[in-house]
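Shown here is one chain on its own, the form predicted on its own, set out as structure tokens.
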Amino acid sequence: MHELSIAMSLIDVITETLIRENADKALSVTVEVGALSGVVPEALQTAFVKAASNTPLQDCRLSIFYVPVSVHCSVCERICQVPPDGLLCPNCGSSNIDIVRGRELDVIRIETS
């Protein structure tokens, strides 16, 4: 389960933020997880709880925002959402597309006190 290593990396990022901001506590962290990132949001949530257990971050809340796949079609010049397993333009059916969203695994916000 690579989500555990990602959760441990999140713990490191949060801890560095606490030190940099001279904060006592992390209340919450918000991340974006793209449909093509290879991360299962539920598994990340579980792994984060385990990784933060018995640490100063055990009460930190993890909020995960799922980012669907969006593509830009070079044929019809549209940006459309597509299912992760159907990388064709839903407008014209072209496979001449560039993925513009959906690969994210980004920390968006860390709320400290």
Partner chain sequence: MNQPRILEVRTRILKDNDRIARDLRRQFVQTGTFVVSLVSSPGAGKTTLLQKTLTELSSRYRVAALVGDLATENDAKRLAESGVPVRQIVTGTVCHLEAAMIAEALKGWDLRALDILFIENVGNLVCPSSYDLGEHLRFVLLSTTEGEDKPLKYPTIFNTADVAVLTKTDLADAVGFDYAEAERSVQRVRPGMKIIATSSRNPDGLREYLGFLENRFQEFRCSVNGSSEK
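These numbers come from a predicted model, not from an experiment. Residue numbers count along the first chain shown, from 1.
Although it is not shown, the form predicted in complex with its partner chain is what the next lines describe.
A.B. asks: Tell me whether 17, 36 and 88, taken together, all sit within 4.5 Å of its partner chain in the model of the complex, counting heavy atoms only.
C.D. replies: Yes, the whole trio is in contact, each within 4.5 Å by some heavy atom.
A.B. asks: Using heavy atoms and a 4.5 Å limit, would one call residue 92 a contact residue for its partner chain in the model of the complex?
C.D. replies: Answer no; every heavy atom of residue 92 is more than 4.5 Å from its partner chain in the model of the complex.
A.B. asks: Does residue 57 make contact with its partner chain in the model of the complex, using a 4.5 Å heavy atom cut-off?
C.D. replies: No, residue 57 is distant from the partner.
A.B. asks: Using the partner position in the model of the complex, report whether residue 73 sits within 4.5 Å of its partner chain, counting heavy atoms only.
C.D. replies: No, no contact at 4.5 Å.
A.B. asks: May I ask you to state whether residue 68 is within 4.5 Å of its partner chain in the model of the complex, using heavy atom distances?
C.D. replies: Outside the cut-off, so no.
A.B. asks: Counting only non-hydrogen atoms and a 4.5 Å cut-off, give the residues of 75-113 close to its partner chain in the model of the complex.
C.D. replies: Contacting residues: 84, 85, 86, 87, 88, 95, 97, 99, 103, 105, 106, 107, 108, 109, 110, 111, 112, 113.
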